[in-house]
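Take a look at this single chain in structure tokens; it is the form predicted on its own.
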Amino acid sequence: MNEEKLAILDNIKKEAIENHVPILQDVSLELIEVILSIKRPNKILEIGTAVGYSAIKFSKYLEGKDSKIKTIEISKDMYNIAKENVKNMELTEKIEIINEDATKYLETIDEKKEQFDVIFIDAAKGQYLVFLENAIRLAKNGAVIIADNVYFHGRVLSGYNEHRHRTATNRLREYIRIISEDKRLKSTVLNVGDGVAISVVNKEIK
């Protein structure tokens, strides 16, 4: 990446932080980049685009002529910003941004026609169980599912039970339980950033 592109990327990160847009913490990004550098994915599915920062960072690790990232963002404003950022980084051929509600859009993807090597979940915390169900369905055998912020600012590990975030907190606890018990998944949750859950998919195990 040349100096001009690095400056653009630095500015994307700076503006996101200034505008309180949630993007990957550096320490979490470093972990995911290690995984991507080993996996060298051809197809990545990202649930939660925000301003496109993570998709742009992930694109460096794509491998193959037809390699691509499909990323889904529900907010029209975020979608427009991400689209402009991806254009400025000259990555429109590699990053496809979908402006839809992921809980509905994921159901429209036919797993017989489209499957992914890596699936990254970083969207509405209360919907992680829905995202997981579709992630397993759309994963290639041996794919990696990565979920960020599974500790939800520490609420998941505490006795948090306040009404405002109770549903999301309980669903994230259920997410961690399911990935630990589902025989199709080999999972670990790392105390990195706000909690990163990593699952390797083996669909041959029933």
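Note that residue numbering begins at 1 and tracks the sequence as displayed. Since this is a predicted model, take the numbers as computed values, not measurements.
Keep in mind that the form predicted in complex with a small molecule is not shown, yet the notes after this line are about it.
- Residue-level contacts in the model of the complex: of I146, A50, V156, A143, one residue has a heavy atom within 4.5 Å of the small molecule, and it is A50.
- Comment: the small molecule is not present in this chain, but in the model of the complex one of V130, L91, I109, M78 has a heavy atom within 4.5 Å of it, namely M78.
- With the small molecule omitted here, the record of contacts in the model of the complex names 42 to 50 of 59 to 67, 42 to 50, 176 to 184, 133 to 141, defined by a heavy atom within 4.5 Å.
- Among heavy atoms of I23, some come within 4.5 Å of the small molecule in the model of the complex.
- Residue contact check for F120: one or more of its heavy atoms lie within 4.5 Å of the small molecule in the model of the complex.
- Residue contact check for E96: none of its heavy atoms lie within 4.5 Å of the small molecule in the model of the complex.
- Contact annotation: I72 falls within 4.5 Å of the small molecule in the model of the complex, judged by heavy atom distances.
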